[in-house]
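So this first bit is one chain, no partners, the form predicted on its own, shown in structure tokens.
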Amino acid sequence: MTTTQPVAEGLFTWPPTGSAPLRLIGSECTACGLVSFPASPDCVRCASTESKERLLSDRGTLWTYTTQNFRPPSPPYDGPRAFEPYSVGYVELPELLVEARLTEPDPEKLRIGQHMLLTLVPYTVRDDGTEVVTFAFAPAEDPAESEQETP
């Protein structure tokens, strides 16, 4: 039996289910309201040490992007030895900008302002067979366009 686990605890809800869908886990400062990702107990704006967990939106728009064409140095990168180029970008959620991997590696198929949806992607397989997954954003249908197509 294959085991699947997140790349790190506390980055996203795990495991996602129908009643608890995939969401990034951020924090919200209880003093000034600043939302941060990844979650942090300390506020970088007001230095408060009081924060609460905040689940972030699973949809946003692509703010900017680039393509990672070479294997990042290791450590900290511990992905597979066989490297495939991938795209990374900033996705603007209603709460904040999030830097993330993108599922679409072809820059010709990405555009700034494109609607994006949170998803999980394979990251690596450990020596014991454990599959490790991480979060990413995938191009998504424009919600306004899908509403227009509904009769």
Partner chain sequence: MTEAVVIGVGLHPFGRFPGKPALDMGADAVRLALADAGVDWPQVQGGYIGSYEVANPDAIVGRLGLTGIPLRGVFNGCATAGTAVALAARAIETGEHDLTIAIGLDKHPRGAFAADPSVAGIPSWYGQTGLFLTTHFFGMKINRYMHDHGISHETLARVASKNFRNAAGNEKAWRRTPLSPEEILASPVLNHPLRQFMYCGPNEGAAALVLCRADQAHKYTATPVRIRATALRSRRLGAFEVQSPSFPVGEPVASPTVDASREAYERAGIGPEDVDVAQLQDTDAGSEIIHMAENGLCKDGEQERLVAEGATEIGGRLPVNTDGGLLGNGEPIGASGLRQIHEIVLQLRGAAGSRQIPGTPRVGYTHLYGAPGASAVTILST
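Residue numbers count along the first chain shown, from 1. Here the structure is a predicted model, which is why all the values come from computation and not from measurement.
Another form, the form predicted in complex with its partner chain, is not on view; read the next lines as being about it.
A heavy atom within 4.5 Å of its partner chain in the predicted bound form is found for exactly one of 50, 99, 53, 84: 99. In the predicted bound form, residue 42 stays away from its partner chain, with no heavy atom inside 4.5 Å. In the predicted bound form, its partner chain lies farther than 4.5 Å from every heavy atom of residue 30. Not displayed here, its partner chain is approached by residue 38 to within 4.5 Å at the level of heavy atoms in the predicted bound form. At a distance threshold of 4.5 angstroms between non-hydrogen atoms, residue 8 is in contact with its partner chain in the predicted bound form.
Within 4.5 angstroms of its partner chain in the predicted bound form, the stretch 56 to 89 places a non-hydrogen atom from each of 63, 64, 65, 66, 67, 68, 69, 70, 72, 73, 75, 76, 77, 78, 79, 86, 88, 89, taken in sequence order.
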